[in-house]
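A single chain comes next, written as structure tokens; it is the form predicted on its own.
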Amino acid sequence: MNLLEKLFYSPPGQAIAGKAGLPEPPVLRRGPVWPDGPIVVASLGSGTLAADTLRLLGRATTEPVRDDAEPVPGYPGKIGALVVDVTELRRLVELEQLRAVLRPAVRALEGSGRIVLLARAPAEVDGWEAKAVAQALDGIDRTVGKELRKGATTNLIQVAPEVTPSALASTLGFLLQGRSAFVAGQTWQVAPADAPAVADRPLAGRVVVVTGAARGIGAAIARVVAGQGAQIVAVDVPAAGEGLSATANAIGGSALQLDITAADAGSRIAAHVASRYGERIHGIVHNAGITRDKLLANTDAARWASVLEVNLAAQLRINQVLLDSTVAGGLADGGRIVGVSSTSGLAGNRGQTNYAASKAGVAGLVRAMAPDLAERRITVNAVAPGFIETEMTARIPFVQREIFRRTNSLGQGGKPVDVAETIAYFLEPASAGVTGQVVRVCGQNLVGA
């Protein structure tokens, strides 16, 4: 529990918050922890994908309660999650079936409970009405997410018709576990893939490079990914050498002091991996980034260029080197590239034109690279963090900071581990069917998400 939480949960802190009209933020269930209550599965059609996937994950399931009488039927106790297969819905009138299973479940969800919808993307269905219904599901997901309480979340997975339980397992498991604590009201796609089984230490023996690893989110990424068995190459600028060494030493990784904007940065990363580990990289996480905030009217060329250079241009150059199959220590076929975008890039933010450009560019890069690398089975994805509690955000003035913290469905800021867990999910071999996706880790910001 951080200092803010300790203050808030103390009697004086709660008294002050009560007078100010600030609700007590819920304590979120975090880590590889499943819901306490039963997992309810509802199939609005003949599909068995949800039940089969949960069976593959070793989770018991139970039948849903439907709102088909007055008073509304209820569950005998709290439920941990509701997973609904709506892949066969095509007509507007059929959305009533979803309402009928959601209403009792919303009332019965435990704290940090989960609702997950499995659907088809609009592009996967034929006809105006079917496409409208597919898009309507996205609206339902986002709205229900803003109505849930006590840290509960809802998310929508759009699955292609050929997706198997093995290809879906990593995504469904991630969303039901506490690893997805700060991922809410989001929609992304899972494609067919030859995915291995979900493992307890899925990255055992694999090399993962993390840039900007000396502190904050980068250090959390290194810790979480190392906990899944990876050998970490922690990269940061020489000025952050002390923190970088501390990160690497704590997880048994190696530290590489490097300015990622250097022309030879990609070659130096590859050479380090080849000499130290004698193999190729499984994943690279482009976490390093800077801000140089000013209103556009006050942004000069140097301030503009520095942010775009660190946050985007360096990634392009490093990727180009590591994707060369002739370079020793480069990215392996079947590898992973993960970028770090931002909700500022996706929704815009006053005084951050340069930063927003760079982070929107990361999202565009992910979507452009993914299909081009599909033949090599390399996936390319990104996270888009919202307000995350770090040393940098702690320097924001108090009132502004509280506004940023609380303007999301979960009523609090996220933690670096929330971003790290989502990145670790992207890195898993079992996530082979997830590519070209940008997932917001923002607690479902009330604006722009």
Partner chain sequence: MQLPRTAVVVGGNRTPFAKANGAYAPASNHDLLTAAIDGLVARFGLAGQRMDEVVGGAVLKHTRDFNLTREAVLSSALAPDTPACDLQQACGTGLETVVYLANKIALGQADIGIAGGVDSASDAPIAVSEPLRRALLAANAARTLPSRLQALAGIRPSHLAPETPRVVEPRTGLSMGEHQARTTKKWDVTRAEQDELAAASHQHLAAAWDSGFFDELVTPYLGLTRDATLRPDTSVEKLATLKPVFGGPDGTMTAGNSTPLSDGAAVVLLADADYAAAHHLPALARLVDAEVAAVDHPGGADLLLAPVTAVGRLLARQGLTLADFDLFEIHEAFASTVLATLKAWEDEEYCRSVGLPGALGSIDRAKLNVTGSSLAAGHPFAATGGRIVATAATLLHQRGPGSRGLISICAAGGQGVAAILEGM
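Positions refer to the first chain, counted from 1. From a predicted model like this one, the values you see are computed outputs, not experimental measurements.
Missing here is the form predicted in complex with the partner chain; even so, the following discussion is about that form.
If contact means a heavy atom within 4.5 Å, which one of 177-185, 218-226, 105-113, 235-243 is the stretch that engages the partner chain in the predicted complex?
Contact-bearing stretch, as computed: 235-243.
Complete contact of Asn249, Arg268 and His272 with the partner chain in the predicted complex (any heavy atom, 4.5 Å):
Each of the three qualifies.
With a cut-off of 4.5 Å between heavy atoms, is Arg276 one of the residues that contacts the partner chain in the predicted complex?
Yes, Arg276 is a contact residue.
Can you tell me whether Gln257 touches the partner chain? I mean in the predicted complex, with a 4.5 angstroms heavy atom cut-off.
Gln257 belongs to the contact set for the partner chain.
Please determine whether Gly212 contacts the partner chain in the predicted complex, using a 4.5 Å cut-off between heavy atoms.
Residue-level check for Gly212: no, no contact with the partner chain.
Contact label in the predicted complex: Gly283 to the partner chain, heavy atom within 4.5 Å:
Although the partner chain is absent here, Gly283 would stay clear of it in the predicted complex, with no heavy atoms inside 4.5 Å.
Name the residue from Gly145, Gly329, Gly80, Gly253 that puts a heavy atom within 4.5 Å of the partner chain in the predicted complex.
The option sitting close enough to the partner is Gly253.
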